[in-house]
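Read the single chain below, which is given as structure tokens and is the form predicted on its own.
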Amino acid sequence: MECIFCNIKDRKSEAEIIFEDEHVLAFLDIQPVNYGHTLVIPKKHFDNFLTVPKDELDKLIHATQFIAGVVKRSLNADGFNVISNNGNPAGQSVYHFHFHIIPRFDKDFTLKPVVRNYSQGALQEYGEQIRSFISKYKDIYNG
């Protein structure tokens, strides 16, 4: 299946590129949440956050941190969101891993999610369930 972000990287599709190095490409989102909304992608294709190798992710996060600071300062934004949607239920529409940098302003709209409250004992139950998987897969983290 053809990937629009790979096509942008290969210059087969147009984009307003704002940053590029050997490993990373950043360009403006054509359907921005706010003007200056930027997408940061690895040049190698990975479907989602879980498939990006550590060394590639390190480079991508370093570039995202730099670009977020530049976007914030250049637009005089009051803040910014760094977001990654992974999987259809999370809102991922392009299956080439990327970070969104969304400049935010004191008087813009709100992006606050619906907040849930844990029922009695549920906080501990979820904590135990997740910790049991951390123990099971800890060698991946250390590896």
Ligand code: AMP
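When you see a residue number, it is the position in the sequence shown, counting from 1. Note that the structure is predicted; figures quoted are calculated from it, not measured.
Absent from the display: the form predicted in complex with the ligand. The rest refers to it.
When contacts are judged by a 4.5 Å heavy atom cut-off, N117 does not count as touching the ligand in the predicted bound form. Within this chain, F27 lines the site of the ligand in the predicted bound form, having a heavy atom no more than 4.5 Å away. When contacts are judged by a 4.5 Å heavy atom cut-off, I4 counts as touching the ligand in the predicted bound form. Using a 4.5 angstroms limit between non-hydrogen atoms, S93 touches the ligand in the predicted bound form.
This chain is drawn without the ligand; in the predicted bound form, the residue among K59, R104, K43, H100 with a heavy atom within 4.5 Å of it is H100. A heavy atom within 4.5 Å of the ligand in the predicted bound form is found for one listed residue only; from L39, A63, V52, A77, this is L39.
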